[in-house]
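Coming up, as structure tokens: structure 1 and structure 2, two forms of one and the same protein chain.
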Structure 1
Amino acid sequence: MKINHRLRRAVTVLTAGLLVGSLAACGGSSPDGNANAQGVGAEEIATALQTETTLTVWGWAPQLEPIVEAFEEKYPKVKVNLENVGTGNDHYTKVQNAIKAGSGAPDVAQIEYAALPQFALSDALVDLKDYGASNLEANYTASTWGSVNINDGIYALPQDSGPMAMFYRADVFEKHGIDVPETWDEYIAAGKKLHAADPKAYIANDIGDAGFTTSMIWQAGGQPYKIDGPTTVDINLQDEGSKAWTKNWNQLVEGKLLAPVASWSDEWYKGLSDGSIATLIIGAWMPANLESGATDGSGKWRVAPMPTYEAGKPVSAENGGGGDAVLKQSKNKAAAYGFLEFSNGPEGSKIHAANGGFPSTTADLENPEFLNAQSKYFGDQKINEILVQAAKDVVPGWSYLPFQTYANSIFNDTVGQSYGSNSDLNPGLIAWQDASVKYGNQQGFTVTAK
């Protein structure tokens, strides 16, 4: 079975008690990185890494295995039990259940950026400011660092990132005389031309995906989620960016120009292999998935910047990615934080990138060896040049809901209905907004629709 190890969507509904009981608990950490009584300084972290200790880490990223091996080699007194308890819903359900039970949680858990606010607000995660994490900001891209900063706390260290780009089949474009689109207008025109020439071919697939939708709104300049403090939330899925995206994407949805195929299905991989799905607008972590899952496409795929709304003005957004957090249940917090600094610092990030991950660390993104690496699968293209530039072009200021995992879980019941009927996406977005507002207020947040 093909496994998407970067773009797993959290669909777990965290219980009301987990959220409501701790909304007020997420604002009490010291602004001084090492001064909080609950935290420790660098010397104590170093001592913990030289002490006989066992850490449990829950995560699904394949890069974690070689990272753990290197960590244990450097710190032989620390044994790391790496456990893959599932991806997406399975992973988050088990983390949630351990939090609710008050025992059984790992020391460290991999958590995607979209899911992080929900766990941070449940008061389940250690504020890493108390361990000196504030000093690491310059090491990471602005978008990933912003994603782990929640309510003035730092609740994870970034592991990977997913700046968006356009992956496309060069052979399909050439066969049908299609130029690589630079704007969304050109992209839609390409979709119409391709499907007219070959009714079995589509410019892309999309049957509705919450993470893709929020990323596309992000790239369009939308900021539908405004968070003010720990409990006040405004939602506006009809803001300027949201409307800009639906104005374009509606043409593909209503025109039945998108392959009715679920991403990560066998049918999807078949379409990527045979060229009947000609492009993917997706995060920079995608190459490894294509190489393993669409082997027949080797040498035929290329990477280009994401189409934009205005020619000559490159703009991107993040799609997927996540970091590693320390659970408050951990009895070895200093050693657990030491593991985070290793796995997401200079040593671990190099291992991560060498094993197919797309880094969030600025040093690795600026490394000439990384930038100039040629990919045989992509026709010897230096794809990292495109992907690194995409990371620099991410629109700043994005926020996720503090209950984004729940909101994503009801996407198919709301926006999904528009996809199912090939109709205007805006009523679906409004329904998604209304349902999210209702849920948030039930959980003790003050949520309004703008």
Structure 2
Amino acid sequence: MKINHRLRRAVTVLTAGLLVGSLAACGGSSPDGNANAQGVGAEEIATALQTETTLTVWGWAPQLEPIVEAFEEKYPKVKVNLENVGTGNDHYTKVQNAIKAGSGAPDVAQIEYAALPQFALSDALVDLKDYGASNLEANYTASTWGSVNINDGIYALPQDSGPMAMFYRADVFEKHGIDVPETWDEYIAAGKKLHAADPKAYIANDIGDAGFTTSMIWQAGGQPYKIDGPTTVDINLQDEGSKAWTKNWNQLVEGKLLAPVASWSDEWYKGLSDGSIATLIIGAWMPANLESGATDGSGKWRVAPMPTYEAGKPVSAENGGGGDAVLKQSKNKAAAYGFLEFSNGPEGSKIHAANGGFPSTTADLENPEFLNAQSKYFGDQKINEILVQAAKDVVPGWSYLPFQTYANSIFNDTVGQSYGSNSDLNPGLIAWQDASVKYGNQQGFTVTAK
């Protein structure tokens, strides 16, 4: 399911190009080459980009292709081999294998925020601080910059982001006289009212999804994963934020108010099309998926800020997204970093956004053309205004586990059991925590449960 989810996100992009509109007009001087470095100087990077080199880049984001083309045009001496070795977990398995083997890894690899600690802490990635990446902080949103900042190192440059918002069916809400919920209490009340009025309709679908759960805990202010040094991890899935979320979400789980439909399944798209799933709390990359997957919902969907625990205090979290990293195995690290500065800097991010990605760069997020783009699918609503505001409201300070991909793979063995029996989510979270602690310790980390 997770792979499918990433795939969908990747597939989106063509349609979203329309939505985002052309950003080519936005000029601005690019500071490439001006990066002032402690370890490797900007001059060295500039020289590397003017030397005959071949770079290998592994990634599946469809935006990488036009970015590579533009890069090769600007730096004709650098040849880039862009290889798609798989999506999500398949990709990570191959990268991990190449790292283990000691050779065969690419110079640059796409890595999602949730998977980044795993590679950063296993000493597989170059700390980009040595190349002057610290100076780029102002270019990115605080939350994405926080995601690439691990243990005082910078291990990737952000590319896309997924600040969460609430997508909802205006027609369904209107039909049943439901106001757009602004707090979680209102959201739950809306869920009850909707399901009572129409037993086939649900406020949302959820049968247990690790990525969704961690993002929801993030929004509730939880920080269940604390990384302290390269191999020391604390897990506390019973902290205040986690409990705030379960207290809230339990009402929907125990009340059977969530459609028991797996995300990204055919049933899911049917529900999104016919309105039997009335809202989606999901990342800002969703619009293009709705347009392509739920065509019958056209004109009926709207976007609103994610409901909050306290009225009038907007809070959001990140859901998905990732960046690109330079691998330690690379023999052309300076040139590889030069590629990152291009692909994840002002020039690349413009191409990325024009091809349907939701950017992580403040310049693109604040571009008036992007903000004012009206979406027909969303009834001519200026959805980017809300999504960009959500990016600013993301709670800082979150980190993922250094073995998040495995932890996510056993989510349904543990928390899923609470979902399956419509019971309290907390025992499920504790079971998930125990299993994660056990795995982490087996893998040589020092993991403690708080």
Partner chain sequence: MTTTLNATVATEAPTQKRSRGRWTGWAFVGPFMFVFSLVFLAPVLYAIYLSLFQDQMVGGTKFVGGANYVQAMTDPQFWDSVRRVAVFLVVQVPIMLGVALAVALAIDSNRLRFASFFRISIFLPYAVPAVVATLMWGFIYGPRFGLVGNLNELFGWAIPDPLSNHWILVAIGNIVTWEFIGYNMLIFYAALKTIPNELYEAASIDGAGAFSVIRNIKIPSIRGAIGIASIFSVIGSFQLFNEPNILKSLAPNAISSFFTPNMYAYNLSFAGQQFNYAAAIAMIMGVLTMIVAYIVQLSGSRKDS
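Computed from a predicted model, the values in this text were never measured in an experiment. Quick note, the numbers are simply positions in structure 1, starting from 1. Take the two forms, superpose them, and find the largest set of C-alpha atoms that agree within 1.5 Å; that set is the rigid core.
- It is structure 1 that shows the chain in the form predicted on its own.
- Of the residues 63, 161, 387, 59, the one at the hinge where one rigid part turns against the other between the two structures is 161.
- Rotation of the smaller rigid segment with respect to the larger between the two structures, from C-alpha superposition: 10°.
- Aligning the rigid core between the two structures leaves the CA of residue 331 offset by 4.4 Å.
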